[in-house]
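The chain below stands alone, shown as C-alpha cells; this is the form predicted on its own.
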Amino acid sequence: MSASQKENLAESPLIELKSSSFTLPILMLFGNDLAVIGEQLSRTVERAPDFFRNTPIVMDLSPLAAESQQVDFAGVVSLCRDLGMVPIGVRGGNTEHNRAAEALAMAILADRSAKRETAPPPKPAAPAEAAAKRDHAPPSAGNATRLITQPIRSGQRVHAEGGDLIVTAHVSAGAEIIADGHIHVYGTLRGRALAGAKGDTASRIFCNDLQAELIAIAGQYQVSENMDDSIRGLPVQVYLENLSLMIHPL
C-alpha cells in the first residue's frame, strides 16, 4: 500500500458510535439459591427455547439489594450461558453487587425503577380555558406516528420512537416491530411485537391476525408457546391489566 493510500485510509472514518434503543429481557432475582434459580430458569427456557437462544439479558438485583442478600454472580452467569442466554449487565444492585458484576466484565445499568422527583400536577383549567387550549395546541412531538405500508420481512427491525407504529401490511416471522406507544397491524402479525418500549403500561397492540412469536408491553411479554390456541388467527387487542398481559378478541 502506497503512502498516499495509507494517508487516505487514516482520514476515512472506520467507526461510528450511535445511540439506539433495544428491548432486553430482564431476569429478576428474588433469592440467591443457585439450585432453585437454575431449576426455574430451565423451565422458563424450555417453554420458549428459540426466544432465549443467544438473547442478551440484564439481571435486576433490586429485590436482593433491598434485603442485603449476596448473589453468586459467576454461578448465575454460568447458568444463563449454559441455557443459551448472554448476560450483559446488572441493574438495581448495591455497591457490593456492582463490584462483583464489574469483576465479571458486566455492565452496570441505570435502575429505571428508581424514584424520581416529580413536579406537582397542574391545577385543572376552567372548561372555557381548556377548550381554547385544545383548539390552539400544537401537535405533540412525543406523539409521532410511524406508518409502514410495505410488508416487514424476516430480519427487519422497525422502531417507532416517541409514538405509535401503524403497519398496513403483514409482519413476517423473524421480523421485529417496536413502538414507544401503541402498535396497530392491519395484516398478519408474525415475528415479535413490543409496545410501550420505554415503559408506558397504557400502550396496546392491535392486529387483524395474531400469529406472533412474541408480544410484549412495557417489558411484560408472552411467547407463542404460551398463547391460547383459541385466539390464534383472530383480530385481537393486547394490553396490561395489573401488570398481567391480556389478549382479547376484537
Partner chain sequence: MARTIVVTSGKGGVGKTTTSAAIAMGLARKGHRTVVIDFDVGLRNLDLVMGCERRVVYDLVNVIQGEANIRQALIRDKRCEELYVLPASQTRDKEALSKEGIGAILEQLSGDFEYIVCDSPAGIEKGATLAMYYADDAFVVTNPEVSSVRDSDRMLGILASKSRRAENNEEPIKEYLLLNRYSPKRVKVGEMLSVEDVQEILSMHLLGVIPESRSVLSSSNAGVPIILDEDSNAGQAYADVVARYLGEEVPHRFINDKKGLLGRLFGG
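Positions refer to the first chain, counted from 1. On a predicted model such as this, the values are computed, not experimentally measured, just so you know.
Heads up, the form predicted together with the partner chain isn't pictured, but that's what we're talking about next.
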{"item": "Which of 102 to 110, 71 to 79, 84 to 92, 170 to 178 lines the interface with the partner chain in the predicted complex (heavy atom within 4.5 Å)", "value": "170 to 178"}
{"item": "is_contact(T188, the partner chain) in the predicted complex, heavy atom dist at most 4.5 Å", "value": "yes"}
{"item": "Distance check, R153 to the partner chain in the predicted complex, heavy atom within 4.5 Å", "value": "yes"}
{"item": "Contact label in the predicted complex: D60 to the partner chain, heavy atom within 4.5 Å", "value": "no"}
